[in-house]
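Listed next as structure tokens: two forms of one protein chain, kept apart as structure 1 and structure 2.
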Structure 1
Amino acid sequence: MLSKSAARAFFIGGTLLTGVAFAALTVHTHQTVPEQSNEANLTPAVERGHGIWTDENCMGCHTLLGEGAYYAPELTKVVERRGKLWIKTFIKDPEAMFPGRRRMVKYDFTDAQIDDLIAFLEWVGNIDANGFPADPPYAPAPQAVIVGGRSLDNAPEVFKSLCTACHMVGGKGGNVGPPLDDISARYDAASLDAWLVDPQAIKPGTAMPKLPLTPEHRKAISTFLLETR
């Protein structure tokens, strides 16, 4: 039978052996991480953003690289998914974007702070995380048929980043607001522009938020939405 001293030797030997291997892998990790995480792009803005992320404990609701809490969306790829303009608008007033849904804290960040946060999230999004998050394997294939002939492919950037979070066009986008494929049936350039300047003024209490659109943005959007095909 196994003796006590043999058992002790197994304990000490095993621990030392794996301990040494762990130390070696730690060194290897330090050598690999700078390239794998694009440390060259880790600018002071990213660092400041990281600071805000930690100070506000965003990880207490969200996950980032799969670490954190399970109450709010995973943010690793959020810049790619939503775009910078959308995130900026959202953080200023989270409830306006998701009326009546689960609440995020409304922070009094300055524009510069939000830019830093976005820089941080963008840096994280570019880390090579060995394939995480994976594309959903059972996701329905993208719709080949385009409803009413309108497609997001030729939508202006601002539309893709700000409006598709809530509206669908060509079967793609969010469902907070109605699909916008047939808007030309109900709106002309003037009425659409007025709506986009301030939805609340046209329809008080509406769930569509006032968005930060420049006149050029509004022009591009109404050209896209009202174009007849």
Structure 2
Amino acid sequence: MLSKSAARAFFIGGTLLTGVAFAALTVHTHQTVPEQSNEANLTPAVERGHGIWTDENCMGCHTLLGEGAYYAPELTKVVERRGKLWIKTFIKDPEAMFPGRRRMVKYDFTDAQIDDLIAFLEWVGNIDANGFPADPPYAPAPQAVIVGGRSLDNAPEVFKSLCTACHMVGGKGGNVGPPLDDISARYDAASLDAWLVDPQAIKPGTAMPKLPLTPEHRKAISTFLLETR
């Protein structure tokens, strides 16, 4: 048992100590938050994108910085994870990319509105959230099959922007789909082009989305993937 004087000293000392700690943490917060918040990079496009995000109640399905609903994917780092072209393509027509599987609403946004929304998502992704969101190991990353030194350095821009969101080449890219280093052993130019036109027609239920690729895009991708090294 503490004496009255010891208890009083303990209370006063503890109060002072916690008060000093609170004041120090408050000062530290005010010093660090402006830099972490990414406020300096706010632009009119970011503000317009935030307005679209709010007006369309995107948080009714998605989360940003951990806030929102958990029906659809977390989007804090979506630009880093998917890339701007992939996001723009998907927003324009989610059903076309994932027939019969995606429940994302088609909003019929203009290109300018989509650009603003992406600007907002990119800005959010650059907020210093102390490591949030983490990268959970949903599945082991597939091992890259290096064939003849194929490298993304030589890839066409459409491949870098869209295909690498899911696939890996030369050890770089996404791990959603299989690596594509050895695709020339499985496809020729005609069969690869048919696959790129409509994957669902070739293999119903495949996870590969139907991308709005022009003939020029498909030729550039096929040339890159099938050329001998």
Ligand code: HEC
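Everything numeric here is computed off the predicted structure, so don't read it as measured data. We call the rigid core the largest set of C-alpha positions that still match within 1.5 Å between the two forms. All residue numbers here follow the sequence of structure 1, with the first residue given the number 1.
Form assignment for the chain places structure 2 as the one matching the criterion, namely the form predicted on its own.
Shown in the overlay between structures 1 and 2, fitted on the rigid core, is a CA shift at residue 29 of 2 Å or greater. After superposing the rigid core, the C-alpha of residue 171 moves by 2 Å or more between structures 1 and 2. Residue displacement note: residue 199 has its CA displaced by at least 2 Å between structures 1 and 2 (rigid core superposed).
Core superposition gives residue 11 a CA displacement of 16.1 Å between structures 1 and 2. For residue 216, the Cα shift between structures 1 and 2 is 6.1 Å when the rigid core is held fixed in the overlay.
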